[in-house]
Ligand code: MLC
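Quick setup: one chain, the form predicted on its own, written in structure tokens, and binding and motion questions come after.
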Amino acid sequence: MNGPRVAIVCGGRRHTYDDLDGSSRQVAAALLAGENDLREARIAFLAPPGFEYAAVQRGIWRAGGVAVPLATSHPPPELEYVIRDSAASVVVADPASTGPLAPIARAAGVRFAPVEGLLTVPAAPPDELPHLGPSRRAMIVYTSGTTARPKGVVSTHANIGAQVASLVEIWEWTPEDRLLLALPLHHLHGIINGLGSALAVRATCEMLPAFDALTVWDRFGSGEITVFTGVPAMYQRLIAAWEAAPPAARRAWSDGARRVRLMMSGSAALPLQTLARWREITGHTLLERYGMTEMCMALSNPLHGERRPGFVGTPVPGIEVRLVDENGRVVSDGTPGEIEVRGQAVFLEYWQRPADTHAAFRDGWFRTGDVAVREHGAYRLLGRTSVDIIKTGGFKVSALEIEEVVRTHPAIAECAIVGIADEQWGERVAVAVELQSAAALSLPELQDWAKARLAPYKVPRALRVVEALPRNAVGKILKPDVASLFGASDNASGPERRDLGGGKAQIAQ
């Protein structure tokens, strides 16, 4: 028996581990529909953070399926891409998502299953659910790479188990913990670092439908929260909300935050001034760490001991890390090199992309594409090996993928997407374009058009119109030269906008 211990709090309701067990069995029985095993069938599902999300995820696994979480922020074209690329056999959606997903499922010839329907089927007895071996595929999370469209990162049950076990150990999760989770759940930061770790030790996970700075501060002020993890942009918004609050609220919020035992930041580089200001407000030196969808966490600063600003710590349990040069030779301390990792937590494959999977490994080591240097035993990140990967607001996106979409704008003849440094978001997406003859285009016009076709964090935030993009002798666009078209003012985080006259770039939040 799981007992009456509270597993999830959301929407003003408390759900026990018994509730979660029963509901996940109902989901499993409904998905099986009389079969004895889904045999790794892909089940795409869309639900906001909450009890239903956790019940569906566990139900998919209990039925022997592969969970494919969809992003609530993505427009229909991106949802359709994931559903078709994963060859999903069932699409599950909460009531609010039925509108966009039902027609996509019909067009793809896929069974559509509303969440409420799954939760009305009698639960399957324990002996009627399949046995899940550790080598079986468990989840596909889509992430952008060096190809034009996102790749599905396949993790087995053993991979996920190893990921969670290492985090429980290094961050000392216990059943008495109460996690405040305000992260999206189509990204491993929320899925594994947050929800998975809390449920693994039968702690309580308090889930917010979306991040809201005042709500988070109020929960800190309650003194009930013990663990919080977020991306740098969240902490910057929390700082802004604290600074705008009256003195009494500031005192209550700061006092409550000091009682949180662990606060973490990840998915993007944490600006040093954000780290320092958060420490002034709460007394916490945020725990920075490094990971990827392909292995969850690889490096972490210590729970106890010195956390050095700008460093992401040392390897987590079960993960080996090395730095190599362009020829695969291990470099010495103090010399920059590409991060390569290996261990049971490292993913199985890119879904239906054997060539990409083969290229991602060297002698059994996963090639991350990130460059770091090791100094005094700890690792410091330096950047990406590929200019076509942009890390913005905690998400890794492919410039090539965005270019393929932006090129379809009727006013654009050619374009180049680059990332430009941004204090709040790590990088922001910028685009330089050649226009069709006699065409005109402003940044707000481009953004309005792109929002229907791209996830919010992929929409360009800066635009430069040029007569000709910089190219080399064989016609290849020179991305470093494109990036240089955007000056220091283009990197500002404020809401400033400039007209596109005189060759100046426009900025918008």
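Because the structure is predicted, anything quoted here is derived from the model rather than measured. Note that residue numbering begins at 1 and tracks the sequence as displayed.
The next section is about a form of this same protein that is not shown, the form predicted together with this ligand.
- Query: Taking heavy atoms and a 4.5 Å cut-off, does G419 contact this ligand in the model of the complex?
  - Reply: So G419 does not count as contacting this ligand.
- Can S155 be called a contact residue for this ligand in the model of the complex at 4.5 Å between heavy atoms? Close contact is absent here: in the model of the complex, S155 is far from this ligand, nothing within 4.5 Å, heavy atoms only.
- Does L183 make contact with this ligand in the model of the complex, using a 4.5 Å heavy atom cut-off? Yes, L183 sits close enough to this ligand in the model of the complex that at least one of its heavy atoms falls within 4.5 Å.
- Message: Considering non-hydrogen atoms and a 4.5 Å limit, does this ligand approach H284 in the model of the complex?
- Response: Contact check for H284: no, nothing within 4.5 Å of this ligand in the model of the complex.
- Go through R219, R374, H187, K151 and name the one with a heavy atom inside 4.5 Å of this ligand in the model of the complex. Here the answer is residue option H187.
- Query: Considering this ligand in the model of the complex, which of V406, A432, L101, V231 comes within 4.5 Å of it through any heavy atom?
  - Reply: So the residue touching this ligand in the model of the complex, by this definition, is V231.
- Only one of 285-293, 256-264, 169-177, 123-131 gets a heavy atom within 4.5 Å of this ligand in the model of the complex; which is it? Looking at the partner contacts, the answer comes out as 285-293.
- Task: Using the arrangement in the model of the complex, list in sequence order the residues of 364-400 with any heavy atom within 4.5 angstroms of this ligand.
- Result: Heavy-atom contacts to this ligand in the model of the complex: K391, T392, G393, G394, F395.
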